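Here you get one chain, nothing else, as structure tokens; it is the form predicted on its own.
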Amino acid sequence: MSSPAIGNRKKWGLFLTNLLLVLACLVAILPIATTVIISFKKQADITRNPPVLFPCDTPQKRFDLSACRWATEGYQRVFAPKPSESSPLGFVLTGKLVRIYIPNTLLYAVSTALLVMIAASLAGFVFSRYHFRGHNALMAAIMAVTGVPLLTNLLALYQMGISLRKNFPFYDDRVFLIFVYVGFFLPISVWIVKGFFDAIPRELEEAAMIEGCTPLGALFRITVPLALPGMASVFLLTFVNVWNEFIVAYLLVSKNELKPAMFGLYDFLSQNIINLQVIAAACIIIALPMVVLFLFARNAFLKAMVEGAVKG
């Protein structure tokens, strides 16, 4: 008699869980969907009172799909295309966001992510395979460093940047910023990669060396391929964090033409405070590379996060 009741309770529990998950997804998607809709609106539809979600109303109907007034004004203002005979497309994009700021961010994010991935992989392998004097103390110190917010070091980094800029003629703000990012994201990355190396049996490397591989050959042929999910997760986490970072680059980079996309968005915000469609279009353009990245790498990223949490 109790079995059907238990089954019904499980069904209701599953239904409520799924309902809560759907509601949570809708709440999370709502701001993104609203931003996308605003980016395709005209200025007159954005400032209407009372406001409408979709610009598809007519004097006769509240919603008429054939009467929708979608516009690309916001994207045109951001891209700022201009005719060019020398371009194979017949036009060039002159907007600062896509011509200066996003390429800068791509440079910072890719360079930092690659350096962090390589350094964290080498350090993680050493900490995983070799036990030396001070091993545990050094690992604890690395973990302690991860708890220090980057903002608390900004004043010292700012003064350091000023000193380097004055005393070294070959100083470059971009190189300094990349090294600051590497120093901040490297400690936690070492722990992540070490967890993956710990989960790989040492017997595999020993078997490879018995077959004639050198220690480095066993590392790059056996261990590194098995640890690729962890290395990929470190690359993705670092890339995303650098892409979304604003305040450090804003303070440490002196020239506007070297600043990242988030500064470009801030610049757009100051110039288009009443043109919400332009700001929304800039937000979508900046966020789009992250969306594309996770669409292609979501399986490896989620697998790395789950396995890293369990194995580490």
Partner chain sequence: MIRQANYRLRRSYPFWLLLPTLVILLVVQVYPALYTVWLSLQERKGSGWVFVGIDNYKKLLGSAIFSESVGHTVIFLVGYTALTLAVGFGVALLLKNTTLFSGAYITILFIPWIIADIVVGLVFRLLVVPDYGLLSGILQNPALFPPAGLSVLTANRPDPWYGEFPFPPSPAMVFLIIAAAWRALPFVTLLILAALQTVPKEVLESAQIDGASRWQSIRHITIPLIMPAMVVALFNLILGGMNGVGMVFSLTGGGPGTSTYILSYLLYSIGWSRLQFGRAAALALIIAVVNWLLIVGVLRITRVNERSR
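In this text, the rigid core denotes the largest set of C-alpha atoms whose superposition between the two forms falls within 1.5 Å. Predicted model only: the values in this text are computed from it and were never measured. Residue numbers count along the first chain shown, from 1.
Note that the form predicted in complex with the partner chain isn't included here; everything after this is about it.
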Does each of 94, 229 and 258 have at least one heavy atom within 4.5 Å of the partner chain in the predicted complex? no
Taking the partner chain as it sits in the predicted complex, is residue 62 in contact with it (heavy atom to heavy atom, 4.5 Å or less)? no
Although the partner chain is absent from this view, report whether residue 11 comes within 4.5 Å of it in the predicted complex, heavy atoms only. no
Please run the contact check for residue 172 against the partner chain in the predicted complex: heavy atoms, 4.5 angstroms, yes or no? no
Residue 224: touches the partner chain in the predicted complex, heavy atom cutoff 4.5 angstroms: no
Of 68 to 76, 85 to 93, 182 to 190, 104 to 112, the segment with heavy atoms within 4.5 Å of the partner chain in the predicted complex is residues 182 to 190
Scan 227 to 247 and write down, in order along the chain, each residue with a heavy atom lying within 4.5 Å of the partner chain in the predicted complex. 237, 240, 244, 246, 247
Residue 210: Cα shift of 2 Å or greater between this form and the one not shown (core-aligned): yes
For residue 62, does the CA position differ by 2 Å or more between this form and the one not shown when the superposition is done on the rigid core? yes
